[in-house]
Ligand code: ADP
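Single chain ahead, by itself, as structure tokens, in the form predicted on its own.
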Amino acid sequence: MFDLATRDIKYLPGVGPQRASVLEKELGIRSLHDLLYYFPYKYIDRSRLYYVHEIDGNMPYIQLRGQILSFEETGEGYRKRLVAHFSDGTGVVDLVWFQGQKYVTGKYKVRTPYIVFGKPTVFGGRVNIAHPDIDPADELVLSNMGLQPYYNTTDRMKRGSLNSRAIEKLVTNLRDLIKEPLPETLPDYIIEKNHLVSLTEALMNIHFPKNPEDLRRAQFRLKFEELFFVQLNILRYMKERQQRYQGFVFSRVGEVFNTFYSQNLPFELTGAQKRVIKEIRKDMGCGRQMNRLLQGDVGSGKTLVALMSMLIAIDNGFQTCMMAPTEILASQHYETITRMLYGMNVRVELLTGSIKGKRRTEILNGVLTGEVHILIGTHAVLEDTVSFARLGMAIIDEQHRFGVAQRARLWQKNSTPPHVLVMTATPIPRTLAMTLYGDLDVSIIDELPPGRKPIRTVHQFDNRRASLYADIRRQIQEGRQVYIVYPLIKESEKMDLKNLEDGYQTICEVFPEYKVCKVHGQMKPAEKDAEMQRFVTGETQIMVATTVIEVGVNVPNASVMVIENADRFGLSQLHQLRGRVGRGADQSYCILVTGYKLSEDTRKRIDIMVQTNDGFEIAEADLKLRGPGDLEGTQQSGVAFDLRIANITRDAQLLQHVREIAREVVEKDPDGTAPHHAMMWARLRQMRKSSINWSDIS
């Protein structure tokens, strides 16, 4: 059998150079293999014929057998259309074309038997089928058609006559070229034990299933394989990294940690914090390099856990660093940690892009000599001028904001890589974590510190401004501060920015007695930081902003978060924004403002926000509503290939199952040398899009 992956798509009958160019640009299809793995998104039963007298406008797709009685053109200009009157003897329907009229009249003849397929609608009291599929009746054997596949296509493809039917015909031409079984990608024992159909049977039946059972078996095989290779990829590199990299051994908990625990600890640790510190301590003492993801909702006490982990490193003679995505967040970590370590002999320094000259030189010298124990900073920490005497631990906050390649530079600071703890306040559902961060050990802080009151969330329609403003005024009179957030979505940036500017003017007019600041992403960083700082210090009472405040600013005095046009935000984003308040002991509120007209999905999102504060519950709901999106991209995930057919929400059970199988394979064949696994490892290499091994880097 020839190698489908090396056969250019342009040589497939029916393609040619022009269509090949469109297929590559629009769908990324370059080879016969790419086309074979471009799966349909739905199927329609083509085995049944209807009669015209049975049809109404509420039916899904139907098929009719009959003849065109006549053609007529109606309308003028862009309203011009071609209508064919089609009959099977029990009645007449109109077949309608809004374009390509000359092609239609040249191809189809009157009084010739055809089978017509399409979706019926009623217009002007008559049944219409717009742009139907038409086949000569003697060429189409309905019993052989089974379920007809439907493929996603783009507008550009449709303009070039590459619609779903055209893709189906190309796949049919490809099927006719395949004369013998395709090479298997999974070992026989996995296929037999899991009752999988062969790869050839699965690929034929995913495109041309005769019945729903054939389709189900094909989908199961292809989903199994796809998820299996994602997990095999993650687990194999996890194993390789464990074998390749020895970690520093932090064997003791000493004076620095114990002094902090007994004298400086700001409040009693929660059970979840204690459990996570034990997990981190075990990792750092076992001799292998730690790669751990620390998840915890906003305000759950991740920073305290990170600090106590750093103190263990310091007790063992090592330096530590903490990276944050913005200057304001790095500054807040610096202030928090400095305050917590007050009176202790631990030197903490802040390094950001705005720290220059003599001060910067002093910090860099202190890092180089080992006098600086904790370095907190932004991307500036990654610069070549920053050299550590002995970096033992690196903590990365809001890790999704850092590209994997950026994080990789931390590893070059030492011959032995430091222990790595990545933190996120964005709750990640278990299924997604297994796919995106499957090579990291995961710790979860699922308790809030004592004294924190749950945030009350309410949904308010935008015609109730007077009561909203009265509530805001009441909170400010009690000494609190307020955020008012507007969406800034790229597609309509000008309109959104206008909304924000108009909103700012309105708030200034409604609250003339209070100071209002404004923050959005179009501002210069220094200007933005200055406005944020005014709010942090309490100089301004109201901040009108876009989502730039989503991650970072910690203002315990802010007790109200108003989100305008809340229907335009995703669930996770709404939850992140809500987490900006509720950081003090006072009752906090989140007010979601929308218009009356809401889609069913939006209503569900708003209801979930009102009902729960649990970030993990919200993340699961968000994943179900929106799907995982594109998992590819080193920017966030490091998953080496797209999911074409599996869905990590719907197929969560299958994902767990294949992960266990992949784990067994890696345990039994860690070097990938077992002869009966050869084709499986070869397939994994073929699937990886990038030659760069990102998986070593958390």
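Keep in mind it's a predicted model, so treat the numbers as computed, not measured. One-based numbering along the sequence shown.
Omitted here: the form predicted in complex with the named molecule. The next part is about that form.
Residue-level contacts in the predicted complex: of V386, L304, L199, V104, one residue has a heavy atom within 4.5 Å of the named molecule, and it is L304. This chain is drawn without the named molecule; in the predicted complex, the residue among F267, Y261, F123, Y469 with a heavy atom within 4.5 Å of it is F267. The named molecule in the predicted complex comes within 4.5 Å of a heavy atom belonging to V298.
Contact check for P449: a heavy atom falls within 4.5 Å of the named molecule in the predicted complex. Contact annotation for R281: none of its heavy atoms lies within 4.5 Å of the named molecule in the predicted complex. Though the partner is left out of this view, Q273 does reach within 4.5 Å of the named molecule in the predicted complex, counting heavy atoms only. Only one listed stretch (72-80, 190-198, 378-386, 450-458) carries heavy atoms within 4.5 Å of the named molecule in the predicted complex, and that stretch is 450-458.
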